[in-house]
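Next comes just one chain, in structure tokens: the form predicted on its own.
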């Protein structure tokens, strides 16, 4: 008999079908045995009356792989609106060990339960609500890629073993590379800029590595970065692209996964077509006045300021996202561009969403002589170093005004679903304490 996927069972009412999957739940009720069988599409309920068929399940645990045939009957209370009767069971792979966690009910996500959750990730992901996180993330990735493609970007794949730290600083992983020292890429920053001279518009969705000795709810040592770079643009063009990207992701995710998102008790974000912009100085002033906590003059936003301004924007501007502009030029990377009218500020914006920064976007300095000088002054780098030379050569031989961004896929997923920790939106998280599973 040809296999039927569980979501299609209701299409065969009155017919006998066969489903294959995992034993997800087993219970006795009034002399009947009910089981749920899980496959890639979800669950189907099976009603078992025959004692010989029930006996086949004796001693078997959740996770047992089954083939079940039965007649499809309408049942509104069952998953998918149908169930199988007169079931015949074939045990394909028996499981006799009791699983370490119960996967047929919601798993705890309180902070003190996360380590248990991650230690048992391989089994816990079989829980449908946990699995939904990564089905949603897959749709986020698909939507992002579609948005890039619709705007004529070329997807690229760049090296993760580098001769020099991309971002500068000490937060890099180093390793021996045949007697030389290599670093793991903090981002594809240099490569995406160089590819502007080739494709004009390029993007990559790939892992990056940050040796940050922090154990917070928003940082990991490995995460998936969405990186884009565009030539012949202004900062306003970059903001417009990011506004469109976030709106497209939200709309497509809610269209595809509204039932799953509702089970996570989240709501669709409120976003205008063009996300509003507030300068850092204005945020400091508004925050200080509202809270009595003085942040005026600080060169960055405090985490509680990020949360506060997002709530302010939601209430007063009709947007759960906000761009933060006018960052001090003294804090910019060597490849960033200072504002031509006011060199004290950088042509940079951070996009905050639901209380946390999800991307930094900026214009890049494309004049060769200025990039070389900024490399020396801001990064104390050597223009002849093989880690910097390819980027500088791209500038030397003709680069247009360009800008780009890096967006954290897991942070975006976390905020769309309403999770408290970025690691909850990571399949197998890596931080200062965790290298397994």
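Everything numeric in this text was worked out from a predicted model, so none of it was measured. Residue numbers count along the first chain shown, from 1.
Below, we refer to the form predicted together with a small molecule, which is not included among the displayed structures.
- Not one of 26, 75 and 79 places a heavy atom within 4.5 Å of the small molecule in the predicted complex.
- Annotated contact segment (heavy atom within 4.5 Å of the small molecule in the predicted complex): 217 to 225, selected among 177 to 185, 313 to 321, 128 to 136, 217 to 225.
- In the predicted complex, the small molecule stays beyond 4.5 Å of every heavy atom belonging to residue 172.
- Of the heavy atoms in residue 35, none are within 4.5 Å of the small molecule in the predicted complex.
- Contact check for residue 212: a heavy atom falls within 4.5 Å of the small molecule in the predicted complex.
- In the predicted complex, residue 406 approaches the small molecule with a heavy atom inside 4.5 Å.
- For the residues 119, 357, 300, 274, the 4.5 Å heavy atom test against the small molecule in the predicted complex is passed only by 357.
- Distance criterion of 4.5 Å from any heavy atom to the small molecule in the predicted complex singles out 189 from the list 325, 189, 366, 143.
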